[in-house]
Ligand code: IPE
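First comes one chain, alone, set out as structure tokens in the form predicted alone.
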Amino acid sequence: MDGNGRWAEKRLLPRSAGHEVGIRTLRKVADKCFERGIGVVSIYAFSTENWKRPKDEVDKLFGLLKRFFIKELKHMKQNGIRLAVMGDLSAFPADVREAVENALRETAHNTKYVLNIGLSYGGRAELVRAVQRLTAAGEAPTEAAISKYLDTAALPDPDLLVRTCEKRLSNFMLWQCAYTEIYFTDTPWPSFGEKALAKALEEYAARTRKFGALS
């Protein structure tokens, strides 16, 4: 979800305003995906690299995330959405962690959809955690074993990755996206609405996925 700051600056608004609209867009886009029968939606909300941003911006992001998890809990419970989190929450403020952990508990038995959110997440850091878990368990490092110890072990690999504003992976789900179709768009995340989502899905549907084979 990139382009929040640029979206705001273009409108002579503070960057925090872009993040606030971006959080609202998260819920709208996820719901539209679920309505279309997409069972798992993964969102990159806060990366390991985002810690490098100014403290004021990071603090405002934490406030928005806390409000999101508290406000959206009822919606997730009513619509059968299970929250999943990938990343390391240990450095998050206690009140934000509490809101996230409460939402995880309260939605744990929902089975209709999954909203998977990356918080203090980085693909390389996730792979390090997986190898550490695998080593502690005394298992041999096979592909299946590594996958079993990833943050996303209970989820399928993504079919489609939508990347707004930039044309790079930005350390997102590096292992899981080995054969994921990638769709790049210049549309900033706050402007990524139903039409933009439909366009991405239409292009994905027109592609032929070969997974390394000839046909």
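The first residue of the shown sequence is 1; numbering continues from there. Source: prediction; values computed, not measured.
In what follows, reference is made to the form predicted in complex with this ligand, a form of this protein that is not presented.
The shortest heavy atom separation between residue 162 and this ligand in the predicted complex exceeds 4.5 Å. Taking the partner from the other structure, this ligand in the predicted complex has a heavy atom within 4.5 Å of a heavy atom of residue 50. Remark: residue 29 does not count among the residues lining this ligand in the predicted complex, judged by a heavy atom distance of 4.5 Å or less. Proximity of residue 33 to this ligand in the predicted complex: non-hydrogen atoms within 4.5 Å are absent; the residue sits far from the partner. Checking 35 to 43, 56 to 64, 170 to 178, 145 to 153 against this ligand in the predicted complex, the stretch whose residues place heavy atoms within 4.5 Å of it is 56 to 64. For the partner-free chain shown, 1, 2, 3, 4, 5, 6, 15, 19 of 1 to 37 come within 4.5 angstroms of this ligand in the predicted complex, judged by any non-hydrogen atom.
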